[in-house]
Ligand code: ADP
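Below, in structure tokens: the form predicted on its own, a single chain.
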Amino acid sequence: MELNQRQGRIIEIVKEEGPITGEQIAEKLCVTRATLRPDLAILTMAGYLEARPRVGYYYKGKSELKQISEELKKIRVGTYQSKPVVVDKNLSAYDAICKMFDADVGTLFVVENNMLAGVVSRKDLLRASIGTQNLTTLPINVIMTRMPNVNYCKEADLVHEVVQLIIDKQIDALPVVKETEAGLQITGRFTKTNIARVFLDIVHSTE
């Protein structure tokens, strides 16, 4: 939340002289009490000030949790996305397993003509491996989750909204995409590891 000049001045006055009544604040700013009423209401609801009957306003400040919450709501996916691990839809399930282990990831993004076509997870490959099918000849497009049933996000999306999607869908990773005339082009991935980095950076920034 960004404060206007008068709201910032109100906080300074209350910090220096609080507890202080609304009438006294208005007098110092050379305005009427009615003029200040919306500003005082905003500052109180935002957690900067607290008002006590017959006492006045005093500076409360923001809790560390509230600061962290506000920081989280500003962060966008593009700041923390990772390099995607992309494979062709005709890759065999066996090669997909090797690729997943080599890249140390839990999800592969599948493309057709360089556009997002599907997603293959550890669970998909495990399910295929316990069947009777030959993994060296089984193409991943048979076992992948196909478009339009693939969840994805964009670089401009807010991290806290994407985290909610990951929780709701109970998935480990999302492809980060850019819309083009040909389809959805993969530009990155956003995973639970990326989420952990967001929180770690916020903790370090508040130390």
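So that there is no doubt, residue numbering starts at 1 and follows the sequence shown. What you see is a predicted model; the values in this text were computed from it and never measured.
Note that the form predicted together with this ligand isn't included here; everything after this is about it.
If you check this ligand in the predicted complex, you find a heavy atom from every one of Val119, Asp124 and Ala173 within 4.5 Å. Scanning Thr145, Thr32, Gln164, Ser69 against this ligand in the predicted complex with a 4.5 Å heavy atom cut-off leaves one residue, Thr145. Listed residues Val177, Val150, Leu36, Leu138 were compared with this ligand in the predicted complex; Val150 is the one with a heavy atom within 4.5 Å. The candidate stretches are 165 to 173, 178 to 186, 41 to 49, 24 to 32, and the one lying within 4.5 Å of this ligand in the predicted complex by heavy atoms is 165 to 173.
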